[in-house]
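In the block that follows, a single chain appears as structure tokens, in the form predicted on its own.
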Amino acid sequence: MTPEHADIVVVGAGPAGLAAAASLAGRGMHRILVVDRDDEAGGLPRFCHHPGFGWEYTHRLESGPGLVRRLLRALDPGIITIAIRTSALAVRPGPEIDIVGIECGHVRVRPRVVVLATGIRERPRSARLVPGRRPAEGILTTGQLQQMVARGVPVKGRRAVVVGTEHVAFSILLTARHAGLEIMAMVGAEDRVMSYAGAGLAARFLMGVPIHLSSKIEDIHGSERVESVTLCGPAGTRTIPCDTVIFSGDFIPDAALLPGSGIDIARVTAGPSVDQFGRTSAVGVFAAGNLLRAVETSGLAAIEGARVGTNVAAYLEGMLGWPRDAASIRVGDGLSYVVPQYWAPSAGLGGAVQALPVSLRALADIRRARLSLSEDGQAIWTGHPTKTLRHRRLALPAAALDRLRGGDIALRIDPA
């Protein structure tokens, strides 16, 4: 199939994009084109060889490449065309999409639907406003290191400092060890390890990695290559000799296609605003995966992709229209954001559509907190007291959301 004949274009061949394509094919859709600028399909997981990918979607403890292989095996090449080394340049109302690739050249495609699943990217050191010198070598992000190791590119360094303590920071410890790097320290600006507490204990006591919390890099030394870093923290300043600094996390949606597309961009997440079915503000354009909010697991991204695939099929079959009266979901003090940002009436749709899992984040750690949902000032649902951790996903039962009718919707969190 040539791009011009595609009915559906999926942008991004990571877990969300691949799961969306499989779901569409399973619903009887044809002429599905998946484009990805990389040299292979799979997204970031294909560079991560440790287990833990896709659990929510597959219920298997698989490595990143293992998850990718499973997702690719589910695709029928007679229905789905994957165009690698192919970039989407622009999305415009219509929908209309410009793509360029080594096989197709520069093509303008007018499909019936576009699914955006471009995922995430890491902020480089320059965008994190980290002071210090700019050595020619020795500054990496986790993605760079993972790709180097996966592609067999030698890593020149020997002693590394990892900046960050979220989930991916601890996975990078294993990658760095595999690359022959000794981890001199982990550095986190927060007052606790942002991943699971067990990860911090394993790093400290099983791997012997010092973790400096409430600390920031004050200076990076070296000209040709990193020579050391100076930290500023509760114990004052200290200098740690190293030849490599690995900046971890700080992911943001890869949303370069949004300007000019007619799609509303959410202020907090910097991704597209969507309703519960993944519909954006541009007719015919859906979105799924970490493009929506850059912090969920590959398994949840795949679930979102699969559900959006179901909803696209319902749209193409005439069962799901485009929202005209979707209600905005407001978040109160103490909450960072919610995805989806809008809720549209869904009476009569039944099993033809599937709502996205709700992604909700608190701004602070609260020992006992109570989450509540209201509509037009009336309580719809109140959760049990629970401990909340900032930037950790909060659960909101689907049964509570099913009661919504499109009024003034608000979420809030209060100390219990």
Partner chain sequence: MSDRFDIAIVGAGVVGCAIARELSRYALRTVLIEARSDLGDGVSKGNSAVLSTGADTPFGTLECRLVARGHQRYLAEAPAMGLPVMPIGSLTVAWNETERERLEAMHKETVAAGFHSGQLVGADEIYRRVPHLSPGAVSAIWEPEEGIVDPFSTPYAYALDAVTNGVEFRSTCPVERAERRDGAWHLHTPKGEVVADTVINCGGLAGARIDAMAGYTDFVMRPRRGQFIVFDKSARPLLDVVLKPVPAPTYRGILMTPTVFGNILVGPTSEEIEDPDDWRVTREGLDTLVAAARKMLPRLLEHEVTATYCGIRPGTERPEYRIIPRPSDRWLTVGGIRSTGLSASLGIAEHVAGIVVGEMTKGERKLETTAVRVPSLAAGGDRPWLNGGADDAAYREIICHCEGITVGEVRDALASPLPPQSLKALKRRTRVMFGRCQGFFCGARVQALFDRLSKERPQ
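Small disclaimer: the values here were computed from a predicted structure and weren't measured. Positions refer to the first chain, counted from 1.
The form predicted together with its partner chain is left out here; the points below concern that form.
Quiz item: In terms of non-hydrogen atoms within 4.5 angstroms, which of the given stretches 109-117, 146-154, 169-177, 67-75 touches its partner chain in the model of the complex?
Solution: Of the options given, it is 146-154.
Exercise. Decide if the three candidate residues Gln354, Ile366 and Arg412 all line its partner chain in the model of the complex, where lining means a heavy atom within 4.5 Å.
Key: Checking in the model of the complex: none of Gln354, Ile366 and Arg412 is within 4.5 Å of its partner chain.
Quiz item: Closest heavy atom of Asp219 to its partner chain in the model of the complex, within 4.5 Å or not?
Solution: Taking the distances in the model of the complex, the answer for Asp219 is yes, it comes within 4.5 Å of its partner chain.
Quiz item: Is Asp325 close enough to its partner chain in the model of the complex to count, meaning some heavy atom within 4.5 Å?
Solution: Asp325: no, not in contact with its partner chain in the model of the complex.
Quiz item: If you check in the model of the complex, is Pro124 within 4.5 Å of its partner chain, heavy atoms only?
Solution: So Pro124 counts as contacting its partner chain.
Quiz item: Hey, in the model of the complex, is Ala313 touching its partner chain, heavy atoms inside 4.5 Å?
Solution: No.
Practice problem: Work out which of Ser87, Ser336, Ser228, Ser214 lies within 4.5 Å of its partner chain in the model of the complex, going by heavy atoms. | Solution: Selected option: Ser87.
Self-check item: Among the candidates Ile102, Leu206, Ala197, Ala235, the residue which, in the model of the complex, approaches its partner chain to within 4.5 Å (heavy atoms)
Solution: It is Ile102 that has a heavy atom within 4.5 Å of the partner.
Quiz item: If we check its partner chain in the model of the complex, which of the residues in 254-271 reach within 4.5 angstroms of it by a non-hydrogen atom?
Solution: Residues within 4.5 Å: Asp254, Ala256, Pro259, Arg267.
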